[in-house]
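Single chain ahead, written as structure tokens, the form predicted alone.
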């Protein structure tokens, strides 16, 4: 008996194919350079350079998949991990889109909204932003120069983005937000070198556990 394919089945099929294609393209870039210039690194050199990065990035990658997938949805997940810049751009766009549309994650509406939001974000990043970068190329060095009066503003882009996005959620669910805010503040105070890619999944886990505990205690 033939099983009727669902939307998620199709997304998983095409998402897997495109993920493999993206991986092959990424691996092809260093391979082409090695073939073109005859510069093949030794296994020991690759291992020496890979280990320090893998220790941090591999666990972070696993945590991001677990933490981000419920928020991004199936289509948004494949698009985000194929195009990158998830915590800085794709995830905020998906959350803002769901909030604006008044839909929840893990719903059919949420799946559609997050997929459209992530796809739009990817298009803006690769096409429209490229046009503006080329147009502003003569002025960018002056604007981002450490001596520029605008330099402090460029250093606060990410805090401003996440602060504005988080404020709307904190105001709506302030009880749930108390525990992750306090926990992440303490982590940053005593381990300020931890990157955003690690802090966000930690905050997600703390928020989920805190919300479950508050629910059981009858506080929410």
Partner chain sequence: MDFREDSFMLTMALIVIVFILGQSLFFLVKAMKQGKKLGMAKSTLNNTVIQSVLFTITPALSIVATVIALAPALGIILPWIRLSVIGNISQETSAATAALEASGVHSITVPVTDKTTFATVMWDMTLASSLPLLILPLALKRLQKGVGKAVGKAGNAKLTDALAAAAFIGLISAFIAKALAGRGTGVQAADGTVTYNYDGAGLMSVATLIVAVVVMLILSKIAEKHNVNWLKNFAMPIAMFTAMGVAVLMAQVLPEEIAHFEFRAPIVS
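Positions refer to the first chain, counted from 1. Source: prediction; values computed, not measured.
If you look for the form predicted together with the partner chain, you will not find it shown, but the lines that follow are about it.
Taking the partner from the other structure, the partner chain in the predicted bound form has a heavy atom within 4.5 Å of a heavy atom of residue 220.
In the predicted bound form, the residues of 93-115 lying within 4.5 Å of the partner chain by at least one heavy atom are, in order, 93, 95, 96, 97, 100, 101, 104, 106, 108, 109, 112, 113, 115. Figure legend: C-alpha atoms of residue 29 and residue 130, shown here, are separated by at least 3 angstroms less in the predicted bound form.
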